[in-house]
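As structure tokens, one chain now follows by itself in the form predicted on its own.
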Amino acid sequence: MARKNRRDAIIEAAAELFAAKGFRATTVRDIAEEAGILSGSLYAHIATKEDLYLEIVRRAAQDFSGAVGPLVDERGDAPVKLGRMIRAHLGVIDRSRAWARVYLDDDSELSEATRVEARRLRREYERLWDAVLQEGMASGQFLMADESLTRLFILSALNGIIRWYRPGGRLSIEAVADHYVQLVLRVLKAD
């Protein structure tokens, strides 16, 4: 994620640090040093550390929705759409690992209001997946007992790669995505 101005540099630094150290362990001083500014200057660009967290989550939500959302409205069968969504989701994680990690974590150190807003953003994104799963159920292409549990299963598997996948490892992200698409469609008994 290329960011341009000073505020963006601060947000980028915070994303990297929150992903590596966690929200609580990251200090304002850490963020300022990573962004290359004085810690006192940081508050000219942000109000609180939690505001930084929410900005990261908002931007990551936009990245995920921007990659996956257009696929939901495409013409075609639900299995094809779902395969493209899986690839797009994993692509966002691969391109923006720190941002994705912050987006996917629900840090208990945050205020309730911040956690509620982050969950709301994640839930909006999950609705995109629900739409395609429901479409596949209605057409008879997906066989599942519970669409919500199926979505949780799929997204948990996809999001788990943030913990184990390493670029430059045995498999490319595209190879992992291909394998996951095959597994998910086999589980759903898609044609």
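All residue numbers refer to positions in the sequence shown, first residue = 1. The shown structure was predicted, so the numbers you read here are calculated from the model rather than taken from an experiment.
The form predicted together with the DNA is left out here; the points below concern that form.
With a 4.5 Å cutoff on heavy atoms, G66 does not count as touching the DNA in the predicted bound form; it lies far away.
Interface residue remark: K49 is counted as part of the site for the DNA in the predicted bound form, having a heavy atom within 4.5 Å. The DNA in the predicted bound form is approached by H45, whose closest heavy atom lies within 4.5 angstroms of it. The DNA in the predicted bound form comes within 4.5 Å of a heavy atom belonging to L38.
Within 4.5 Å of the DNA in the predicted bound form, a heavy atom is found for not a single one of N159, R163 and R170. Note that among 54 to 62, 143 to 151, 123 to 131, 26 to 34, the stretch whose heavy atoms approach the DNA to within 4.5 Å in the predicted bound form is 26 to 34.
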